[in-house]
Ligand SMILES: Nc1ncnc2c1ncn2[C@@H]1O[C@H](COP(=O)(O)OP(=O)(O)OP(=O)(O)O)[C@@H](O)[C@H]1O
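Before any questions on binding or motion, here is one chain by itself as structure tokens, the form predicted alone.
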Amino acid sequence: MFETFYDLINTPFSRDIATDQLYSSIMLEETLGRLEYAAQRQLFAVIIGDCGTGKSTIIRKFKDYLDSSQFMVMYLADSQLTPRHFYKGMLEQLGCEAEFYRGDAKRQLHREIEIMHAMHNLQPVVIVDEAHLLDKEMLEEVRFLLNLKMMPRAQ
């Protein structure tokens, strides 16, 4: 209704705006640079902010910003994420059917990431949206994932 009145082509402030159409502020560029730094070094990074400030939008932009020939982005958004569902979700994004038991799925994910890195020279970037809702057990699983021993990428 207001789109017609104001002669707008698209609805403003919607979640489906293409990331290349986002306003490129200094803060956005700084955030993307910091996230890329963390991704290159396999670090843990957190984006915080009030509701509606664009955290999920930055994640969408970051996914498109990364070089897909160097990085494999895996994304989960589940406020009730359990370790078993975490590994299942990651493995599905790698095109694998997850083993049933959590320990088996964890080892399977580690193998798949090693293969991805060795054969395709891709580095994983795991994004968990709404991660502040994760429980202690799930945060421990993320810590274990960060302890993966992979050869660092030549800079």
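Quick note: we count residues from 1 along the sequence shown, nothing fancier. Note that the structure is a prediction, hence the values are computed from the model and not measured.
There is another form of the same protein, the form predicted in complex with the named molecule; it is not shown, and what comes next is about it.
Contact with the named molecule in the predicted bound form, judged as any non-hydrogen atom within 4.5 angstroms, is confined among 34 to 42, 86 to 94, 110 to 118, 52 to 60 to 52 to 60. In the predicted bound form, the named molecule sits within 4.5 Å of a heavy atom of Arg15. At least one heavy atom of Leu28 is located within 4.5 Å of the named molecule in the predicted bound form. In the predicted bound form, at least one heavy atom of Leu22 sits within 4.5 Å of a heavy atom of the named molecule. The shortest heavy atom separation between Asp104 and the named molecule in the predicted bound form exceeds 4.5 Å.
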